[in-house]
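Just the one chain here, the form predicted alone, laid out as structure tokens.
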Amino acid sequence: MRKTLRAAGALLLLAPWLALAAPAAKPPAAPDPLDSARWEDMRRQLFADAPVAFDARIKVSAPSMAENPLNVPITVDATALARDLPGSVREILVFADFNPIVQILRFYPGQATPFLGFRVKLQQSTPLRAAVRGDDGVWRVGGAWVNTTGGGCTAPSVGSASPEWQRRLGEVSGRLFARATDGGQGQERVRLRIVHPMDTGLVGGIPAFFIQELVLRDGQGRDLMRIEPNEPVSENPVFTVDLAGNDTRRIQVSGRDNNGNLIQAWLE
């Protein structure tokens, strides 16, 4: 009887220490605002064990009903987040939950404003999301649902059927627009168009053929921003970015595609 009482007393003394040694319970993940059946798959696949939080300051603008799944316009705007939390925008990953090729592009704003406009191909109705990584390693996510008739990723590009696309491959056209921000300071808006079929590789007999990197530099050769597109970016992609506080009298555009073809141009 005495041994039993001594054992019970020892367990009582150890109980507080055992409680302290036990790992803290992981807080439950926040529910997906877009209620996607694939969100947990996306979180594990793209972010692994990195912290993820939904943030309304990341604006993803896209049509709620996209009539042309080959050219769905989208803008990603993380300027409010960058203003509230300096150092919170180093990389932006854009992805679509239900696309056969999930990752659409990565955008490294660098010296540019964390704003990007472009067009995408969608295979079916899906959430379009932008995940923003900062210096703290947290991925903050915003998004929007887009409904579409689908088939954008498995339709052949128009350019690949044209006899001129090889001659014009990598041709760059663009413009600079002066614009005022909400704070009254001027910015340069850059709009670029690059001739390229951006084939997804999901059409029989047509391999994947797409731009992999696009860099803007100022007249002194200093990097301003970088975009790493993937196959779901639309054919003959058009990118819109905002530059502020930089020498934008001359802008160098350079890049390459997955076949090693180079893109070189100057905007003045």
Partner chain sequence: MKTVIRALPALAAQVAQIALFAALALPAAARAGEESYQNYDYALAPRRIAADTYVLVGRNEDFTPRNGGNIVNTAFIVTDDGVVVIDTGPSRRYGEQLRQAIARITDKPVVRVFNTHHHPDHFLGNQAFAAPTLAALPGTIDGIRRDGNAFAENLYRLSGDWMLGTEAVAPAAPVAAGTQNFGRHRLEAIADLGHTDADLVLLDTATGVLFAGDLLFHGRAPTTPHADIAHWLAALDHLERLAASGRVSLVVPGHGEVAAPAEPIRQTRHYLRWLDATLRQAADDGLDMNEVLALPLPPDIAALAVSEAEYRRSVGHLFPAIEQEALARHGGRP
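Bear in mind the structure is a predicted one, so any value in this text is a computation, not a measurement. Positions refer to the first chain, counted from 1.
Omitted here: the form predicted together with the partner chain. The next part is about that form.
Scanning Pro207, Pro51, Pro63, Pro33 against the partner chain in the model of the complex with a 4.5 Å heavy atom cut-off leaves one residue, Pro63. With the partner left out here, the partner chain still marks one of 88-96, 103-111, 169-177, 129-137 in the model of the complex; by a 4.5 Å heavy atom cut-off that stretch is 169-177. The three residues Arg44, Ile211 and Pro229 each lack any heavy atom within 4.5 Å of the partner chain in the model of the complex. The closest heavy atom approach of Arg250 to the partner chain in the model of the complex falls within 4.5 Å. Although the partner is absent here, Thr149 lies within 4.5 Å of the partner chain in the model of the complex, judged by heavy atoms. In the model of the complex, at least one heavy atom of Pro73 sits within 4.5 Å of a heavy atom of the partner chain. Proximity of Phe115 to the partner chain in the model of the complex falls within the 4.5 Å heavy atom cutoff. Of the residues in 193-207, only Arg193 comes within 4.5 Å of the partner chain in the model of the complex through at least one heavy atom.
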